[in-house]
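Take a look at this one chain, the form predicted on its own, written out in structure tokens.
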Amino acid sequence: MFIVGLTGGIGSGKTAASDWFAAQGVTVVDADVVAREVVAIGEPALVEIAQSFGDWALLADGTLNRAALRQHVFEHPEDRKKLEQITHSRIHSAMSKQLQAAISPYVILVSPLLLESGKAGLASLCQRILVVDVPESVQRIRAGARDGQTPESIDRIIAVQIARHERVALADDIVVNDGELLHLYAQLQVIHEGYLKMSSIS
């Protein structure tokens, strides 16, 4: 399986890029989507989170209180490790199953922290790394407009992500998403054609 890792900082446009690939018939496995699935109602991870953190970690309807839990682990790093122990192995297992089930010529593996865990992490599964790059000023504007997050929360997210220059240095391919979507799509079209050729001879 020819796997392309897709990553970028908060507000870079990873979803816009992955949606474009999906529209071309390419299988997309998104770590954020899988992470939500493994903590859905009825899943063992959700039960374990409630047992470990308390009822405050759940909303009134029984779903995960993401905002409260995100704030909590930012303020208590030791509890971030506890949460990762509950979720990470389940996320990786679910992603592996989705990758193995893919039938497109290549697969896009999307993760905001693809490069943060080093060679032993998800990046080790990938034959190519594609980075969606934008200036930090654009990241902040988009993240604030999209999620309604405060500047402080955006700063915290940027702080745990790899630095922009390091991310770009580790990339095999880079697209710049600081303008119109049509400009992004034109860059992706060229890269897509290259991946089709690479996957056919791999």
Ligand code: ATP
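Everything numeric here is computed off the predicted structure, so don't read it as measured data. In case it trips you up, residue 1 is the first one in the sequence shown, and so on.
Below: the form predicted together with the named molecule, not depicted.
- For the residues Arg70, Arg142, Arg36, Arg156, the 4.5 Å heavy atom test against the named molecule in the predicted complex is passed only by Arg142.
- For the chain shown alone, Gln24 is not a contact residue for the named molecule in the predicted complex, no non-hydrogen atom being within 4.5 angstroms.
- Among residues of the shown chain, Leu188 is not one whose heavy atoms approach the named molecule to within 4.5 Å in the predicted complex.
- Using a 4.5 Å cutoff between non-hydrogen atoms, His165 does not count as a contact of the named molecule in the predicted complex.
- Interface membership of Arg66, defined by any non-hydrogen atom within 4.5 Å of the named molecule in the predicted complex, is ruled out.
- Residues from 1 to 27 that approach the named molecule in the predicted complex with a non-hydrogen atom closer than or equal to 4.5 Å are Gly9, Ile10, Gly11, Ser12, Gly13, Lys14, Thr15, Ala16, in the order they occur in the chain.
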